[in-house]
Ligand SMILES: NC(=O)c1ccc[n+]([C@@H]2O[C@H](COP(=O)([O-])OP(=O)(O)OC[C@H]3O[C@@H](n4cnc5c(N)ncnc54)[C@H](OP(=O)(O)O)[C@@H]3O)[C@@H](O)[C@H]2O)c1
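Starting off, we have a lone chain in the form predicted alone, written out as structure tokens.
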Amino acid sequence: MKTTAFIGTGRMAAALISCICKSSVSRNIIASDKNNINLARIKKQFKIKTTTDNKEAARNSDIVFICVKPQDIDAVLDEIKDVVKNQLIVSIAAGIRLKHLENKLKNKRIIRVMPNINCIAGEMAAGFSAGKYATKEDIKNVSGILNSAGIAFFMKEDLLDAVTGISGSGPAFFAYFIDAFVKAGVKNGLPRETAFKLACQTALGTGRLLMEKNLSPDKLIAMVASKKGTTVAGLDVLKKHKAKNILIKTIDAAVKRSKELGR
């Protein structure tokens, strides 16, 4: 049975481990972290092997997920580079490009992933790219793991900045909009909890309806917006204030920042 290692046991690592444990793919899992509290939590939750030794985790695995903060990744790469032989390295560190990873780990098979926080709920939207030494089998294996946590798209690395803007930062943007829905509901007399659940379920249902019925956003809008009705009254406000342009600028700003932070 193949073994997958996770170096770093934060929220994203825990979410990915959870999805692997729930999937039909049989894998041994080992997790490493310098934080004993995180390790104890992961071990108790998933009943997996844990260690404070990153080298041990990497040495005894087929796939190594590096799930540490961008500012910590160089120290981890330097630590494990001598024990990495034929392992596939998968980095989820934001902004750390394949070229940098390949310079640190010479001639190694590397895949870079841009996940998002919705992985915690098993609804991740991710993009991933492969280094020049990664194989088709590597891409297939990582795709299987990521898609068990939601959806993932293989693409050229220069598109990952756009993924960062849309789905990486996107949960925060959608949460911002949902908060406005909730406040509007409370303003108009709804209890906060009711407004919150209505807003969240509406967002969830809208996304699911668009995807499952393969509807364009314009088509769905037309289905809801009857002439001189309530939806049209609201849409007129959005159009008057050019809300769509504001949203596009929001995504553009996130994409630009992702490019600036890349190394």
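If you're wondering where the values come from, they're calculated on a predicted model, not measured in any experiment. We number the residues from 1 along the sequence you see.
The following text describes the form predicted in complex with the ligand, which does not appear among the structures shown.
Of the candidates 70, 229, 234, 205, 70 is the one whose heavy atoms come within 4.5 Å of the ligand in the model of the complex; the others do not.
Under a 4.5 angstroms non-hydrogen atom cutoff, the ligand in the model of the complex has residue 93 among its neighbouring residues. When the ligand is considered in the model of the complex, residue 127 lies well away from it, no heavy atom lying within 4.5 Å. Though the partner is left out of this view, residue 166 does not reach within 4.5 Å of the ligand in the model of the complex, counting heavy atoms only. Although the partner is absent here, residue 28 is not a contact residue: none of its heavy atoms lies within 4.5 angstroms of the ligand in the model of the complex.
Note on the interface: of 234-242, 216-224, 32-40, 190-198, the segment with non-hydrogen atoms within 4.5 angstroms of the ligand in the model of the complex is 32-40.
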